[in-house]
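We give structure tokens for two forms of one protein chain below, kept apart as structure 1 and structure 2.
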Structure 1
Amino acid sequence: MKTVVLPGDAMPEGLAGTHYTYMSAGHAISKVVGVYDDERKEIMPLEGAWHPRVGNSIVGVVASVDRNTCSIDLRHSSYGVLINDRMSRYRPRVGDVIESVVKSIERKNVPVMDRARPIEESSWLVYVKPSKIPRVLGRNNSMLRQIEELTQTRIIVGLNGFVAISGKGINPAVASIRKIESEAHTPGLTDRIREMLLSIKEYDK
């Protein structure tokens, strides 16, 4: 069974500490607004910031360029660090939108990357709350593929929240991402997005 929990809520007996709980007098207490699944014995947060992990794909904006590193604005609690790749032909400039993968994490929440690719200029960038990104991707990226296919776009999703869209039907792709964001916690979303895209497809092609 799934239940919504709030910060300060005591979790059922026997739940060990997780990332979203802390222990108090032998009890696990929730730190966040989340859904507790008593089969999987875990809390999935419903809101909140991105917790960077090694291997996470990111999309960000180059905020400053130094001799050895660049600062990357990820709309995260701190800038990411991109170590300049001397083998690459790409030289980041301030303002570039880049995609990359987190290589390591320093000081608890500073993502470090060592390779980046610029996002093409004809793209559109939207920001989605990081807690809603898993819904934009869908199970095994099924939602993402569906949007890409029906709108003839290519979508690069950063787990930090930035999403870059290029291709033909950018407008309907953005509209579907906005819809996913606002209805993220409701079931049957994949079908509703499909319906919506099929109905506006004619208009935007």
Structure 2
Amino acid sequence: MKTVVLPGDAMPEGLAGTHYTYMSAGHAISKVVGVYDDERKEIMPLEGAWHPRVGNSIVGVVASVDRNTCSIDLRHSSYGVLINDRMSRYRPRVGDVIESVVKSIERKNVPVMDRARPIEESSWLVYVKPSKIPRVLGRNNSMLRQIEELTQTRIIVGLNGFVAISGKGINPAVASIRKIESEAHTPGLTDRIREMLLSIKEYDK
């Protein structure tokens, strides 16, 4: 069961302190507005900025290229650093959209990226609040796979909020993501997205 929680709400017994809770008198207290998943024992925040962590997959735009490094626009005045890999065949250019992985976190919370790959130029780039990205992915990426299958698209999701979409059904894929963003706090969302996409496919026949 999923329930909406507010800052200051006490969480169920046995839940330890997490990134989105703090401990008070032996109880975990929510720090965020979010949805608590009783089955998974975790809180999905509905608001808040992205805080980079090592291993995060990101999507960004190359903002500048120097001899040894690139500056990557990650949205919300947040920039990361990509170290140019001399062994890589890919040579970044300003304006390229890339996918990469956070290798380390430097001073002032600046992420250093690694293993960059360019995303095809025909991709449509949309932005989603980072707090809603877990709902776009779904449990074990189930929501993401459903959208890709029903829209015949390839979707690359960055935990920083950028989502790159390529393929046949870009418009219905974008519509699905926008619906998820606006209804992230509601139950039964996976089924509603499926019904919406199936109705679009039926209309297009």
Partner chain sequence: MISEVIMLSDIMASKINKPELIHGGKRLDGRKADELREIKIEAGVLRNANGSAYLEWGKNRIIAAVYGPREVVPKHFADPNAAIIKCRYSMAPFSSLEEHGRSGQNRRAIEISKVIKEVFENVVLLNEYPNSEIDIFMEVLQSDGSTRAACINAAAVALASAGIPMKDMVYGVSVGKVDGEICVDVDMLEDNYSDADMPLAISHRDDRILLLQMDGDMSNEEVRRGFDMAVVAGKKIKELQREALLAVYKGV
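Since we're looking at a predicted model, the values are computed, not measured. Superpose the two forms; the largest set of C-alphas matching within 1.5 Å is the rigid core. FYI, numbering is relative to structure 1, first residue = 1.
Looking at the condition given, the form predicted alone, one finds it describes the source of structure 2 alone.
Think of the chain as two rigid blocks: between structure 1 and structure 2, the small block swings through 24° with respect to the big one. In the core-aligned comparison between structure 1 and structure 2, the Cα atom of P45 sits 2.9 Å away from its counterpart. Taking the core as the reference frame, the CA atom of A25 shifts 10.8 angstrom between structure 1 and structure 2.
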